[in-house]
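A single chain comes next, written as structure tokens; it is the form predicted on its own.
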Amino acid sequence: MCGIVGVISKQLDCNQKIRYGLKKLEYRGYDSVGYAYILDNKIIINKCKGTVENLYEKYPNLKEFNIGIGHTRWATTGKADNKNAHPHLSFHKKIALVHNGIIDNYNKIKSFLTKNGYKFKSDTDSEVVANLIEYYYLKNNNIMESLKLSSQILIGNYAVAILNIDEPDRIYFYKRKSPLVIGVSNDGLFLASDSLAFDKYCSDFIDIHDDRFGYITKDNAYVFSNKGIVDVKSYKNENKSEDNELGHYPFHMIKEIEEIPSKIEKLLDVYYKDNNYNFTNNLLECIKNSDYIIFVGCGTSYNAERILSRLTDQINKPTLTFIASEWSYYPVYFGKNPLFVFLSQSGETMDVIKCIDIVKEKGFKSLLITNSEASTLAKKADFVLPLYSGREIAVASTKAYVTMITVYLLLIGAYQNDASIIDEIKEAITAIKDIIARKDEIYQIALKIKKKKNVFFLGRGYDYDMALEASLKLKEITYIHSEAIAGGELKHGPIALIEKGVPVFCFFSDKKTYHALLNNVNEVKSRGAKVFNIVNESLKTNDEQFIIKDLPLRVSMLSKIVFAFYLAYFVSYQKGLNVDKPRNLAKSVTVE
């Protein structure tokens, strides 16, 4: 989940370009950061624990250079500290390397290299890779051959960018299962984990496929497979820098919350044109022919898929939901012709990639719902539904969650040839705008719980699924212990955790479960809980409540979850935390 960058420029301006790229990639990790460059026939490395800003405060007066690599880290192998920060310099100082991914057999390789005289300064698997490449390079004097030989030994997933002191006009790379793209501009070439890193400088990018390696110069990119050089095609950058600017907002998360109505409207524009749904007949036919629809995702995507599964009940298709990291080790199949629906905001989620590879081997069809059309998962899926949400910079997902549900609602509408869902979604947009206008009310509620150590969310049906996401958001960015509980399960164990003063948030959307959930509310109140109800206008209660415009059940979660997003945001903000960059987390989970 780290971010890597590389720049080789026709000008002495790489310092500012690497800084820009690293800042853009901090969503991938911000435990430590560093960069390496070649100047006066020497590899120079500057790195430290912390963020990009920490690095440039530590090294304020830097010379400019025209070739360099950089890295921002989410710690995996080796704790977050200065010695484990990237780049890593090989033992004989020939190679500087930055790495995204995990090497499963690094201990075995490290033992081999130690026996051959190598000593190590860090605890990382990445330093092992640098030394392995150098080990072969000192034998054959050929980096390309050394990359090939190393790749035959390394087990795991990785994208690496490499400086070689003997070739100060090239940046080498190798990619296996971790994202890496090449950026092309008139001023030079770039390498990055994400095109976002250099969208300011490049309009054209080249995807690097798995098990490809090569190098870039200031003029050209050279990509190879084991069979020889590969023809590559560039594509235009789809991501706009203006989507990523904070403007008047203090954090990206609140900006992204308040973009939700416009992002839903964008989906209506894309998927419903001239009073007709805009989905391919092949996709609709695939759904028709499927005998099971199986949803797979992680984290927020898993919470969204639970709602998608309930929506699928409308078309009388049996469904199953799975956590990707579990299913990949214990895959199960139902029906003769299942359709697998994968959800991933980034399209680079390693756990989900493992699952789609298994599905492809079995020959089953797959649909991906994602915010990244150019991602690894998008290249593997049979069908792709983009979210068109613009970049999500905050680690805690908000607008992607809502648009995942929205695009699937539209797909169900298209399958049933039911235009009524369009008006219902428009009603939900109005309700969300009303919540945004009343966010100060949620702020006052947040003040009441910011010092609490435990918070609970209750719901039934759709409301329970939504409670899972509400709970996840709160724990992600406030570090308050939070749990979502299905109302009927409360008395089967969790009620033991209820004590005087503990906040319990209850979602009321469904008239069918209203009285049953009200009984659960009374159960926790009688044990001293402080109850906050988030209710439809027609389901008002006598407790402290936040009332939301009545909506049809199948779109009700689009609005109510916005309350939960604001609640988590305001609590985190009031606690003085970094809302966008919560500890121990990263936006794109590219490791298992």
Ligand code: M6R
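One rule holds for the numbers: they count along the sequence shown, beginning at 1. Worth saying up front: this structure is predicted, and the values here are computed from it rather than measured.
There is another form of this protein, the form predicted together with the named molecule, and it is not shown here; the text below is about that form.
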Close approach of Ser178 to the named molecule in the predicted complex, 4.5 Å, heavy atom: no
Lys473 within 4.5 Å of the named molecule in the predicted complex, heavy atoms: yes
Mark Ala396 yes when one of its heavy atoms lies within 4.5 Å of a heavy atom of the named molecule in the predicted complex, and no otherwise. yes
Check Cys298 for me: does it contact the named molecule in the predicted complex (non-hydrogen atoms, 4.5 angstroms)? yes
Which of Asn520, Ser90, Ser290, Ser346 has a heavy atom within 4.5 Å of the named molecule in the predicted complex? Ser346
Can you tell me which of 97-105, 223-231, 183-191, 299-307 lies within 4.5 Å of the named molecule in the predicted complex, counting heavy atoms only? 299-307
